[in-house]
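For reference, the chain that follows is the form predicted alone, supplied as structure tokens.
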């Protein structure tokens, strides 16, 4: 089982869209796939037409009083399940503070699912907190969608700095450029000439595209309603690249 987290301190950089589309593509490959919507806003749950509600809330899940299996819902897609968001996830830091070894808690919760799923995708809220650190510990790969702008790159550097300070494994981090608009000179400049502090990144990038915005209208991954679009093809290329990297590992 591989755990892939899509994370950034910044909001509005394409985390949820990437988590939804990559998990969908994994399921199309026949992989048993779960996406856990950890964001209390519940956007991934919304895209998959599932109510953002967990019986007993996040506290019961994290403390182990309710099994994850009982909260998992099937989606409209074969091989793809979802663990919904819950508004109580906004208190995830407080919940984790009340359990032993909080940074290892998510990993312990997910371990029993190893025989049920090949991939687990974590759609993470935009923060850096105890909950984030639990994600860092659990994930085999941390995908960082990064808009090719100065402020977004600055945020990426902050994540790298935090990993270094806390002595986390920075080899897990894989940034990629998202919401790329090649009509903008700055976007072209950064994508074509990535900064020196980004020596390792995905070659694939995701464009700024109307099809991605339409996910909210269609409540579906791009590949479901616009399979031939450039956005869908870019996500497909990214998934193929991720598979190659995981196979090499």
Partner chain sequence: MANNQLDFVFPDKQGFAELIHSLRHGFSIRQSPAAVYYRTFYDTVDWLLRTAGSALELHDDGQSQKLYWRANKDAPLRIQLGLKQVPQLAKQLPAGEFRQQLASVISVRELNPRIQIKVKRIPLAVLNKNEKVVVRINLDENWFYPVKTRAGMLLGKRICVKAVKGYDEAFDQVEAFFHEMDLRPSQDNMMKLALAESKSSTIEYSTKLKLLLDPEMPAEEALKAILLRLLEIMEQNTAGAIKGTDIEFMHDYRVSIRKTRSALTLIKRVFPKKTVKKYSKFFSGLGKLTNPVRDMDVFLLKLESYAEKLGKSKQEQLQPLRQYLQDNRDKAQQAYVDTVTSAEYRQVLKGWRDYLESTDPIEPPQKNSRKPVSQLANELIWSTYQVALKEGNAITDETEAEALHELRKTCKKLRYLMEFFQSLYPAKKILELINALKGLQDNLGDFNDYHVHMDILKGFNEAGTDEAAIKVSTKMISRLDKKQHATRNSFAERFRAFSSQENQNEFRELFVVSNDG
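Treat the numbers as computed from the prediction; the structure is a model and nothing was measured. Numbering follows the first chain given and starts at 1.
The form predicted in complex with the partner chain is left out here; the points below concern that form.
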Just to confirm, residue 187 within 4.5 Å of the partner chain in the predicted complex by heavy atoms? no
Tell me, yes or no, whether residue 49 is in contact with the partner chain in the predicted complex, where a contact means a heavy atom of each within 4.5 Å. yes
Contact label in the predicted complex: residue 31 to the partner chain, heavy atom within 4.5 Å: yes
Is residue 63 a contact residue for the partner chain in the predicted complex, using a 4.5 Å heavy atom cut-off? no
Report the residue, out of 136, 156, 177, 119, that has at least one non-hydrogen atom within 4.5 angstroms of the partner chain in the predicted complex. 119
Students should find that, of 169, 140, 111, 76, the residue having a non-hydrogen atom no more than 4.5 angstroms from the partner chain in the predicted complex is 76
Candidate spot 81, 115 and 247, all three in 4.5 Å heavy atom range of the partner chain in the predicted complex? yes
Only one of these stretches, 67 to 75, 103 to 111, 157 to 165, 121 to 129, has heavy atoms within 4.5 Å of the partner chain in the predicted complex; which one is it? 67 to 75
